[in-house]
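What follows is a single chain, given as structure tokens, in the form predicted on its own.
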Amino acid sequence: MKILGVGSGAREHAIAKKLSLSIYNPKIYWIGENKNPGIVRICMKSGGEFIQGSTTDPEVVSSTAKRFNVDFVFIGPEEPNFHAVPDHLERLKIPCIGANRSVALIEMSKAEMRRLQWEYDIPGKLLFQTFKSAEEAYLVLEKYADSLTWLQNVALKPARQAGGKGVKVVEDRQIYLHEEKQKFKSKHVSWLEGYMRGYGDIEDKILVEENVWGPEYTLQCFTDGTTVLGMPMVQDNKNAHEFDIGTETGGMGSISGPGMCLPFLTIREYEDSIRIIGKMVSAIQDKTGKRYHGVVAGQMMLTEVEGPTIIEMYSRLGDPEALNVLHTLKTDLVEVCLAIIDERLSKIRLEFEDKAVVVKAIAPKGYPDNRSLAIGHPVAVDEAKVSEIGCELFWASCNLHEDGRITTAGSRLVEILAEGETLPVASAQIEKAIPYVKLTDGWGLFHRSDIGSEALLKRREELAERVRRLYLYRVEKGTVGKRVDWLPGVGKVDPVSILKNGLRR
């Protein structure tokens, strides 16, 4: 058997490793923009080959697949899905584990994802508005900021998936700060409009959503379009620094287990989340007439108004969340892929080891705000020592050169994984391995030591309990998903009705 993988980060390193362990003993071929040393090693060991090239060019990927006569292709990151790489492969009758562009729209366009939720009345919705310009957005925010509560406290986002960048939450609760908060909103929607000029594949530029609070988590699933099989819940930690301080990143580390739920979430919340994701798959297939083959995931939050709530959808495995679930996956990943391709996923029993898993990313200083400063630094990693400590290292944003040197490529450099009976035990194990990742030119590295720690887990548990009490009270009273607002001269109004009729009228 021959398999071609696409992408060059830590997620793809983890996918390549799991595929290589299959009883099918496949030859692993790979294509990536950066030459990931971990993936290169796996390819060579299996008798395959690593190709450095564009992962978003359908012709490049499909010609590589034909050249090696592979049995199927596994897409790692989201952008190949958005650029219709799976579509091109399907036309050539090359099986692909990857969402075609039509169904990947639930990730590519956050605006379309929200519209789909409301159209099909799928639970876990948020109030939202989309705009094609900063001026249009600010006129609405200015007009309704003194009346509609949800437009006072908002999340401002790019309307397209943009690698986790550009999201700002503004809580406008203090009257004496109102003018300054409005200025900030105006400034940020202008920034969003400028940032979105780099993406011409969707019309919407700015997404404004009601701000909600609660613990976040990711639920990743395999699907063949009919069956949706869930993996363990994972919590990604996006902020750059300890205790959720600093700029949001692509993810500084993640936790999962033991078991299918996180320690601060319940099996009911897991099952409700699976149902929501299944409804999203059914809705996008109904809307587009296309089958969904691959991975689908909900980046979720437990909120007081809706319970399990969708923040974003993914059309692929998360990074670093993929490392957690693939590490504990007992079922042969190749067998899962073949079942997706043949649309017999319902026959697969997905099994996971009952372990707590922690992942921590190590990044060069400059990431994520000034990535140019984080590029080109020489790397020295004692992988043998990391392994001896009981951890596993996955290469991420780096480049392997012909002379054997490895240099940083501007994002997270490596991700280190450890398992344990508890999350704090696994977290402490990783800390022992951190000193064995260095940059030889003296440039600094940073990571989050708190991920999986008892102190951070306690905060998560306390937050979840506060939200759960409010949410279950709503369940008891039959008010889940209901909002009430007040308009001067009008009185009590339902903001959901205003949303459906349009704010601009």
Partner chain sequence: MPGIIGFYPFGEGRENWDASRFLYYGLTALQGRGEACTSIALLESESKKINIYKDNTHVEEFYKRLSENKVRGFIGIGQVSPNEDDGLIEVKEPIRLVLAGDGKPGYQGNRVEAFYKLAQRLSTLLTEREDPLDAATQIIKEAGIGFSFVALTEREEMICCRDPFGVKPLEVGAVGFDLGIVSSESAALDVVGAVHSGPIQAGECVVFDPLSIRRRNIPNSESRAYCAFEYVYLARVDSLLNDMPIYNVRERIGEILAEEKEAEGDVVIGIPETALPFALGYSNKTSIPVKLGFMRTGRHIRSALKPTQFERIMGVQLKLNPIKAAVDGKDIILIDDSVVRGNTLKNTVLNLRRKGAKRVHVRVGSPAIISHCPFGTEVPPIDELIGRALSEEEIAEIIGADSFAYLSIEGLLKAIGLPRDRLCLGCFTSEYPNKEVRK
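Treat the numbers as computed from the prediction; the structure is a model and nothing was measured. Residue numbers count along the first chain shown, from 1.
Note that the form predicted together with its partner chain isn't included here; everything after this is about it.
Colleague: So in the model of the complex, does any heavy atom of Lys355 sit within 4.5 Å of its partner chain?
Modeller: Looking in the model of the complex, residue contacts with its partner chain do not include Lys355, since no heavy atom lies within 4.5 Å.
Colleague: In the model of the complex, is there a heavy atom of its partner chain that lies within 4.5 Å of any heavy atom of Gly230, even though the partner is absent here?
Modeller: No.
Colleague: Taking its partner chain as it sits in the model of the complex, is Glu242 near enough to touch it, meaning that at least one heavy atom pair lies within 4.5 angstroms?
Modeller: Taking the distances in the model of the complex, the answer for Glu242 is yes, it comes within 4.5 Å of its partner chain.
Colleague: Mark Val167 yes when one of its heavy atoms lies within 4.5 Å of a heavy atom of its partner chain in the model of the complex, and no otherwise.
Modeller: The answer is yes: Val167 has a heavy atom within 4.5 Å of its partner chain.
Colleague: Name the stretch, out of 259-267, 181-189, 301-309, 380-388, where some heavy atom lies within 4.5 Å of its partner chain in the model of the complex.
Modeller: It is 181-189 that comes within 4.5 Å of the partner.
Colleague: Pick from Thr331, Ser346, Thr247, Ser133: which has a non-hydrogen atom within 4.5 Å of its partner chain in the model of the complex?
Modeller: Partner contact (heavy atom, 4.5 Å) among the options: Thr247.
Colleague: What is the one choice in Lys27, Arg459, Arg474, Lys438 with a heavy atom within 4.5 Å of its partner chain in the model of the complex?
Modeller: Checking each option against its partner chain in the model of the complex, the one that comes within 4.5 Å is Arg459.
Colleague: If you apply a 4.5 angstroms heavy atom cut-off, which residues in 427-447 are near its partner chain in the model of the complex?
Modeller: Going through 427-447 in order - heavy atoms within 4.5 Å of its partner chain in the model of the complex - the hits are Trp443, Leu445, Phe446.
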